[in-house]
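First, one chain by itself in structure tokens, the form predicted on its own.
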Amino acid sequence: MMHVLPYVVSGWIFLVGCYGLATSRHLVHAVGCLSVCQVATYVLLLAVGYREGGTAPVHSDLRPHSRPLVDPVVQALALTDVVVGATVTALLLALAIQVAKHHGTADPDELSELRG
């Protein structure tokens, strides 16, 4: 059960973010929900890189092959994901503010120019 739990938690967080995104009535709320969806990827990446009994991949005090090591590539991807997520969130919030200034509303249903 413990091996599956992080994946289930990641999926649950993603679904909560998608539900909030689908029911959002404000652009800033939608951006927040999109950020929640991205948090699910952090949990997923950390779950993929986790090894039971593993240690950090620093070999200063360990004999080679004496203990399992966690995957440093996945940790680097998670860190990159955090940085990209913060950047995308800042950009989307700036766009939401500009849309609200230009159209006078941040409700996606009232933005008739965005309809196809």
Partner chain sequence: MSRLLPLVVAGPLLGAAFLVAFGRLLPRIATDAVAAVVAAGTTALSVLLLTRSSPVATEWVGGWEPVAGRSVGIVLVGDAAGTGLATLVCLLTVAVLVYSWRYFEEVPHKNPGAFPALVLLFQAGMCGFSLTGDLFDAFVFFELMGVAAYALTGYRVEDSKAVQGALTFGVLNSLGAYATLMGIGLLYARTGELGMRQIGARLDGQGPADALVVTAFVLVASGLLVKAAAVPFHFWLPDAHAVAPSPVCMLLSGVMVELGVYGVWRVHTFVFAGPGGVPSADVGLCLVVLGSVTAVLGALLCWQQHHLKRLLAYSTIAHTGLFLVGVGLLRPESTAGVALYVVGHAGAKAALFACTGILLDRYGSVDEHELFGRATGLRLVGVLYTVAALALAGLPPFGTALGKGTVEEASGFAGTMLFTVVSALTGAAVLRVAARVFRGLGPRPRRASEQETKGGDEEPETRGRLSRVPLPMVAVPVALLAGSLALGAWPGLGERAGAGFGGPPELAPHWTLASVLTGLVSVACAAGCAVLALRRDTPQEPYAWTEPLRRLHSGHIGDYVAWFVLGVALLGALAFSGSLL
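Worth saying up front: this structure is predicted, and the values here are computed from it rather than measured. Positions refer to the first chain, counted from 1.
Below, we refer to the form predicted in complex with its partner chain, which is not included among the displayed structures.
Novice: Give a yes/no on whether Val84 approaches its partner chain to within 4.5 Å in the model of the complex, heavy atoms considered.
Specialist: Although its partner chain is absent here, Val84 would touch it in the model of the complex, with heavy atoms inside 4.5 Å.
Novice: Using heavy atoms and a 4.5 Å limit, would one call Val58 a contact residue for its partner chain in the model of the complex?
Specialist: Flag for Val58 set to no.
Novice: Please determine whether Leu91 contacts its partner chain in the model of the complex, using a 4.5 Å cut-off between heavy atoms.
Specialist: Leu91 belongs to the contact set for its partner chain.
Novice: How about Leu69: is it within 4.5 Å of its partner chain in the model of the complex, going by heavy atoms?
Specialist: Contact with its partner chain, no.
Novice: Though the partner is not shown here, which residues of 15-44 have a heavy atom within 4.5 Å of its partner chain in the model of the complex?
Specialist: The stretch 15-44, when checked against its partner chain in the model of the complex, contributes Cys18, Leu21, Ala22, Leu27, Leu34, Cys37, Gln38, Ala40, Thr41, Leu44 at the 4.5 Å heavy-atom cut-off.
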